[in-house]
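So this first bit is one chain, no partners, the form predicted alone, shown in C-alpha cells.
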C-alpha cells in the first residue's frame, strides 16, 4: 500500500481532478465537475508523517478528513492507559464527522498519510442542499457500523487463530476495493497494532501467525502474508 512519509504540511500543487485516484470511493465521488471544483476550494491538502496525529479524542471536532493516501490508525485510550484500536482507515475513507462537538476517538498516521481536510462549518454548509453527498455520508456511516459490529464479534468468544484469520480476511476484502483481489495481504500496521485491535497480546499474535504458517494456511512475507489455502482460511475466519 503506497503512503507518503512527510512532515505535516500543505500539499502545494495537489489537484483532485488530476491526482486523486480514490475519488470514486471518496466523499466527493458523486459530485458533478462544477460542484467538485467548488468543493475542492474548501479543502486543505495536508501530509502527515509517520505516527503524526490527525486529531485526538476529546479535541474540538472542528474539521473532517478524506483520506487520499496511506493508512490511518483509529483508537481510544482506556482509563488505565491501555490502547484499544477500533479500526484502520484506508484511502477513500472519511474521518472526523463526530456526532458531538468533540472527537470520540483519536486518529494518527501509520506510515505517512495525505488527506483532504475540511473545516466543519464550511463543509456542513456545502453538503446541506446536496442530497447525493448526504446519501454518501450515510453510506460511510453504515459501513462504519458494519465494521464496528464485525469487531465486536472479533473481541468475543473466539480463539486467537479465529480472530487473526478473521482480521486478515476482513482486511484483505477491504484492500480488494483498492487493489483488486490478491492472495497477498499487505499489512502496513505492526503486530502490536493487530494485537490492540483484536484484544490479544503481541506474543499471542506472533505465536498465532507462526502457527498459521506451520499449518500451511499462510506464508509470512515482507510487509504482509500470502494466503496458501483460501478456502480453509476463509472457513477458519468464519468459524
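Since this is a predicted model, take the numbers as computed values, not measurements. Positions refer to the first chain, counted from 1.
This protein has a second form, the form predicted together with the DNA, left out of what is shown; the following refers to that one.
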Only one of 153-161, 94-102, 135-143, 122-130 has residues with a heavy atom within 4.5 Å of the DNA in the predicted complex, and that stretch is 153-161
Within a 4.5 Å heavy atom cut-off, is residue 199 in contact with the DNA in the predicted complex? yes
May I ask you to check whether residue 33 falls inside a 4.5 Å heavy atom distance of the DNA in the predicted complex? no
Any of the heavy atoms of residue 44 lying within 4.5 Å of the DNA in the predicted complex? no
Using the partner position in the predicted complex, report whether residue 204 sits within 4.5 Å of the DNA, counting heavy atoms only. yes
Residue by residue through 210-237, which ones have a non-hydrogen atom no more than 4.5 angstroms from the DNA in the predicted complex? 210, 220
